[in-house]
Every structure is written in structure tokens, then in C-alpha cells.
Ligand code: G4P
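In the form predicted on its own, a lone chain appears below as C-alpha cells.
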Amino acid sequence: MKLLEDRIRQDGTVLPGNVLKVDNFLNHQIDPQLMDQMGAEFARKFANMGITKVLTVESSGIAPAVMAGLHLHVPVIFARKHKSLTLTDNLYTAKVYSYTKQVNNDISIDRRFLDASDRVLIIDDFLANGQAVQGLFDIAETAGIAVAGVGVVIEKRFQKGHQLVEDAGVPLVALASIASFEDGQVVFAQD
């Protein structure tokens, strides 16, 4: 998605450790118009997949997931990372490691929101090592639901997450695919 690539070039910052900081439009301050366009693109790419729900992990995946759900006309469910007084039992759970935060999280989804007939689309802000996607794959498997696709705003193609999704045989759409970081600059993959 050229619009997204241009925004990454303009506002993204490459940090040590292969981290791309895009907090001024994606995962801290959010550009709603860009989110809407990304949601429309995900909906276009997955339009004929029979999606019944969109899944993501809190918190940075919520905005693009909501916009995809809006354009697909389906509910959005986000896996919670933090315990809540209202989310205590009857849960699907999985463990997820966050590289950028250097912590392990137990993610949870209330069992009431997933049904064996569901076909879900997983949406997230980044795909790097694939930990969040793997956690949602694990929940989907436990729930006995089909994962129809994975959509990510930005993938770091040089890390193992892309291969993880490919090995699972699940269609993957990345709106921006990064081949590498060179001299503090983003090099996009030419698919």
C-alpha cells in the first residue's frame, strides 16, 4: 500500500534492534483516515473469505482491526493481555512474548465470543517474530475455529513471522512489507 509506505518513510524511525517506531500514526497517536483506508484495503483483500469475526491482540492491533471489521461488517474481538474483574473464567488463553516490551503475556478471549462456525481474520499492527499471531492461532485451534487469513499493517519480512504464517498455510496480507533496514532507512520488499 503505497500510501502507508510513504507514511513510514516520512514519519517512521528505525531504532536499534530492528525496531521501527511509528507511534505518531499507528500505535500511540492514530491517524484515523489512514486507519480507515487500511481497513478498506484489508476488507478488499479478504472480501470473499467468509470472515465472521476479526481477532487481534490489545492494544496496537485494535485500531486496524476495528477498521477492517467495519469494512467487513463483522464484530471485532481483541485478546486481553491484562487481567480484569469482568474477565475471570471460561476463557481461551495463550502465551505471547513481546519483543519490544521484553515481557511474556497471557492473552485471553472470553469463550462466549467464539463459535465453532466462525471463520476469523487475524489483524495486527506488526508481524515480526509472529508471537501475537501464534498466540491467536493457538486460541483458534483450541476453540476449533478456522483462521481464514492474517492481515498485518507492517511486516518485517526478514524476521520469522512471515514464514510462521506461510508454514501454517494461512493467507497473509501485509500492507507494507519491509525487506531490511539499511543505514537507518527502511527498504521495502518488492513482491
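Numbering starts at 1 and runs along the sequence shown. Here the structure is a predicted model, which is why all the values come from computation and not from measurement.
The same protein also has a form predicted in complex with the named molecule, omitted here; what follows describes it.
Enquirer: Can you pick the one in A168, V19, A179, V173 that has a heavy atom within 4.5 Å of the named molecule in the predicted bound form?
Expert: The residue in contact is V19.
Enquirer: Using a 4.5 Å heavy atom cut-off, indicate which stretch of 119 to 127, 66 to 74, 35 to 43, 143 to 151 touches the named molecule in the predicted bound form.
Expert: After filtering at 4.5 Å, what remains is 119 to 127.
Enquirer: Quick one: is S59 in contact with the named molecule in the predicted bound form, heavy atoms, 4.5 Å cut-off?
Expert: Taking the distances in the predicted bound form, the answer for S59 is yes, it comes within 4.5 Å of the named molecule.
Enquirer: Are any of the heavy atoms in R112 no more than 4.5 Å from a heavy atom of the named molecule in the predicted bound form?
Expert: Residue-level check for R112: no, no contact with the named molecule.
Enquirer: I'd like to know whether Y97 contacts the named molecule in the predicted bound form, with contact meaning heavy atoms within 4.5 angstroms.
Expert: Yes, Y97 is a contact residue.
Enquirer: Although the partner isn't part of this model, could you tell me whether L55 comes within 4.5 Å of the named molecule in the predicted bound form, counting any heavy atom of the residue?
Expert: L55: no contact with the named molecule in the predicted bound form.
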